[in-house]
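Just one chain follows, in the form predicted alone, and it is written as structure tokens.
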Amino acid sequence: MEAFIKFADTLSTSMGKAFSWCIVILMGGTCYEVVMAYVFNSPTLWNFDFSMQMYGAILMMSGAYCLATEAHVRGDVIYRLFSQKTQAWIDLVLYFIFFFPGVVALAFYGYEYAAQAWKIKETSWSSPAQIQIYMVKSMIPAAGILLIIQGISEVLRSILCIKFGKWPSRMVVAEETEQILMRTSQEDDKKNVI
């Protein structure tokens, strides 16, 4: 189980970090468009669609990364008051009721959607440049598959927590804002004492 968890976490964090470079590419495209439009008075036809594809890539491919690093927004006001074992039971049940039906549908129907787009070499109907979008639609089932793999990892993590009463460690952990503020406040207090 631990080997699969490590594999899934490594895959999800690697894909998330790789696709985070889309932000740099997006920024470059936006800067190019601003210069072309306002300096040379020659806006491009393709940049809006390019930006939409970069946003889509970031959104679709960051889901598994967020799940692996616990970076998703969660309403855990009551949840965090429970013991870790109870949290694991809650997670285990909710993954099967809510998570897996949604991501399996995303992967399955996303595959059909992407396959149809590849078959007809789909272009953007709303784009004056008529850019090709079938390649980007391949990210829909890819994101679903990554989420399924990471979801299995989270289920295994829950099972280990139920068995041992403690959550297994993560490769990368998103830190709660309140924890960051408390740590910063404690560091400031130490500096003021010295």
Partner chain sequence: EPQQKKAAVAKQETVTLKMQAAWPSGANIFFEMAGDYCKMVEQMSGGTLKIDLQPVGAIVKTSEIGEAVSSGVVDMGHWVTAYWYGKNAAASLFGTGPSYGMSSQEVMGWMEYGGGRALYEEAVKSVGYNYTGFFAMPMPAQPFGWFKKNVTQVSDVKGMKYRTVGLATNVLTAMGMVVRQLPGGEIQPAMKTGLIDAAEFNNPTSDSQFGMQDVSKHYHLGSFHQSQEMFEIPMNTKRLNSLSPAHQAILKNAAYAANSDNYFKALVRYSKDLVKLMNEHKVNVYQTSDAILAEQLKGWDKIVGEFSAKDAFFKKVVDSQKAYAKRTMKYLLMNQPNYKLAYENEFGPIADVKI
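The structure displayed is predicted, hence computed values, not measured ones. Residue numbers count along the first chain shown, from 1.
There is another form of this protein, the form predicted in complex with the partner chain, and it is not shown here; the text below is about that form.
Enquirer: Is P168 close enough to touch the partner chain in the predicted complex, meaning at least one heavy atom pair within 4.5 Å?
Expert: No.
Enquirer: Is there a heavy atom of Q84 lying 4.5 Å or less from a heavy atom of the partner chain in the predicted complex?
Expert: Residue-level check for Q84: no, no contact with the partner chain.
Enquirer: Is there any non-hydrogen atom of K137 lying within 4.5 Å of the partner chain in the predicted complex?
Expert: Although the partner chain is absent here, K137 would touch it in the predicted complex, with heavy atoms inside 4.5 Å.
Enquirer: Within 4.5 Å, heavy atoms only: does I152 come near the partner chain in the predicted complex?
Expert: No, I152 is distant from the partner.
Enquirer: What residues in 86-120 sit within 4.5 Å of the partner chain in the predicted complex, counting heavy atoms only?
Expert: Contacts from 86-120: Y113, Q116, I120.
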